[in-house]
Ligand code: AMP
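Consider the single chain below, provided in C-alpha cells and representing the form predicted on its own.
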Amino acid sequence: MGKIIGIDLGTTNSLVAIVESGIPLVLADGQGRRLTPSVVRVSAAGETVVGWEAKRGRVAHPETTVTSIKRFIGRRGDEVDSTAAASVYTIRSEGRGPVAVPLHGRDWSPEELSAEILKALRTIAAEGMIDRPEAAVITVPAYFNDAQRNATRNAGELAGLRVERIINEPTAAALAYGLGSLKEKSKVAVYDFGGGTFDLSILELNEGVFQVLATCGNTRLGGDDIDHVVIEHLAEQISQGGGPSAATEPAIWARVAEAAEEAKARLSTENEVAISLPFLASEFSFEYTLTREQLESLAKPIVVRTREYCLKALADAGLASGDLDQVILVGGQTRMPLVREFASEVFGCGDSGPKLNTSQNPDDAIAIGAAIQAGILSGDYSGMLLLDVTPLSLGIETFGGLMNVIIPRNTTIPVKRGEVFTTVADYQKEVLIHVLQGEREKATDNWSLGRFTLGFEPQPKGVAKVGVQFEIDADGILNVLARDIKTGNEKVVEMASAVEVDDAEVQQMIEESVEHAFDDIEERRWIEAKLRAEQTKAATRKGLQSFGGELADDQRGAIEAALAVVESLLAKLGRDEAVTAAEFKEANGTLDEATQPLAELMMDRVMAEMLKKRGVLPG
C-alpha cells in the first residue's frame, strides 16, 4: 500500500499531515503555512479560490466567499438554521432536500465545496512528498452521524482521494498526544472546541486501543459563535459612533468580521488590541480598543454552554471527573485563556484531579493523529520513541533581524519540521542561513548555533524559494537542511546538540524572555510594520506604473495620497526621526484599502491571461 495522508477537515482551518521515517509531521504550503483556512470563493467564471487567498478576498467578495461549510455537510434542509453560518452567503435549505449554496447561478453542495478544500490539501501534500498522495484518513467529530460521515467520504472522493478510513477526532487527538503509553484502563477526556463545532469525548485505553465510552457535543457551537458576538459588538459600536450599518452592508460586515477574528486571536496573548477600520463610509473611520476582559465577557455565555455536554458525557460514561487521568485540549479555540480556565474548573483539574494536558499544539493534534492512523494502515508507523524535549526554541534569522521559530520549545524529539522562505533582494546568488536557539524576538538576543550559505540560481526577489528543514535525531543532534526548491541544490549542516544545554542558562533565557516580553513584541511589531511599508510601497509603485492609467481619477488619487503618507514615514526614518508601529500600521491599512481597486484590476488581468493560455478566451 502506498503513502496515505492524514487530513483534519476543520470548520475554520484544515491541515494535512504524513508520517515520514516513523515521525508524524504537519505539511506546510509554499509559504510555510501549516493551517489552510476552510474558505472557498467561487468566481463569476465558476472557478474556485481556496484557503488564504479566498480568506483575503472575503472583504471584496463577501457574498460568494463560503466559510464554515462543515456545519452543513451531510445535513438536510429541515436540520439547518440558515442563519447559523454567521456569514453573508446564502444557504438554500428546504424540507428533507439537501442543503445547497447558490453561487453565480449554480447550486454547490457542501460536499463539493469541502472537496475544493481537500484538493488544496492534496496539492500541499503532493508538493511536500515524493509520491503523489492518492489515499487519505479523514477525521470527523465523534458525534457525526452516518449521513455526515458518508458526505465527508464523498467529499474526499470528489477531491480524487481514496478514503481509507474516517476516524473520530478525539481518537486522533489521543494518538497525537501519545496517550497509548498510559497505563491500561486509563480514562481520558478530549475537550475539542474548534471553529464551528464542540464535542467532549471520554476514551478508555484497552490493550493499546482507545475505546470511546461516551461523546456529546454540538455541531453548531464553536469559535465562530464567539467571532459572531464580537462582530455584533463592534457593529454596535460603529452604529453608536454614527457609522454605517454593518448588518445591511456585506462588504462592511466582512471587514468587521476580519478585524474581530484577528482581535480574538491576539487577545489570547495580549490584554488589549487596537482595532482600526479606515473609511468604512466616505466620511467615517472606526477606531476602537477591545480588551481581553471585554472579549471574555462576550465569550463567556458561549464557553459556559460547553459545560452541559461535558457533564452529560461523564454521566453517559458512568464516571465522575475524579475518575479521569487526563483532560486534553484540542481545537484552536482552546488557546483562549478563558476556555482553558473553564475546562480546568469543570473537570476539577489540579493536584487531586485529572491532569490538564496542553502539551500538543491544539491546531495540529487532530491532523497528527490522522497521519499516525494513516501510517499504521500503510505500515509506515510503528510507534514514536519519546526520549527528550527541546529545552529552547530553534529557528533562523529572517529579514529585519527577527527570529523565525521552526521548532518551538518543549517539542518532543525526534522531530523534523521545515518552512519555505524567499529572497528580499533582486538576483541574489546566495542566502545566509543563521541558526538560532532561544525565546527572544530579535535574533541578536538569542544564541547563535551556526551560519552557512546556500548558493542558488539568481531570480527576482520573492521568486526564489528556499526550503529550510530542522531535524533533531534521538540523540538530540540538530541537522539543518537548506534547499533551492527550483534546482534541488541543497546543503546539510550538523549543528551542536539542541538538547544538551545547561539548566541555569535555559532558566536565564526563559526569565529574560518573560522580563522583556512586551518590549520584544513591540519591537517585532515595529520591524514587521516597517518592512510591510517598504514592500507595499514598492509593489504599489510598480502596480501604478503598469495599470495606473486604467484606474478612475479618484481611485488613482486616493492611492497616491495614501502612498505619500507611507513614503513620508519611511523618509522620516532616513532622517533618524521617530516613527511608531501604530503610525506604520495605520498608513499601511489606509494604503491597503486604497489599493483594493488596483489589486482587483491586476487580478483580473492575470486571470484573463491564464484563460487565454488555456484557450478559454481568444488571444
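Remember, it's a predicted structure, so these values are computed and weren't measured experimentally. Residue numbers here begin at 1 and follow the sequence given.
Below: the form predicted in complex with this ligand, not depicted.
Colleague: Can you tell me whether Glu111 touches this ligand? I mean in the predicted complex, with a 4.5 angstroms heavy atom cut-off.
Modeller: The answer is no: Glu111 has no heavy atom within 4.5 Å of this ligand.
Colleague: At the 4.5 Å heavy atom threshold, is Gly331 in contact with this ligand in the predicted complex?
Modeller: Yes, Gly331 is a contact residue.
Colleague: Check whether Thr595 has any heavy atom within 4.5 Å of a heavy atom of this ligand in the predicted complex, and answer yes or no.
Modeller: Answer no; every heavy atom of Thr595 is more than 4.5 Å from this ligand in the predicted complex.
Colleague: Does any heavy atom of Ser268 come within 4.5 Å of a heavy atom of this ligand in the predicted complex?
Modeller: It does: once this ligand is placed as it appears in the predicted complex, Ser268 has a heavy atom within 4.5 Å of it.
Colleague: Which residue among Arg335, Arg409, Arg440, Arg524 has a heavy atom within 4.5 angstroms of this ligand in the predicted complex?
Modeller: Going through each option in turn, the one that passes is Arg335.
Colleague: So which of Gly74, Gly156, Gly195, Pro141 reaches within 4.5 angstroms of this ligand in the predicted complex, heavy atom to heavy atom?
Modeller: Only one option qualifies, and that one is Gly195.
Colleague: Look at the stretches 147 to 155, 349 to 357, 223 to 231, 445 to 453 and give the one with heavy atoms within 4.5 Å of this ligand in the predicted complex.
Modeller: Flagged stretch: 223 to 231.
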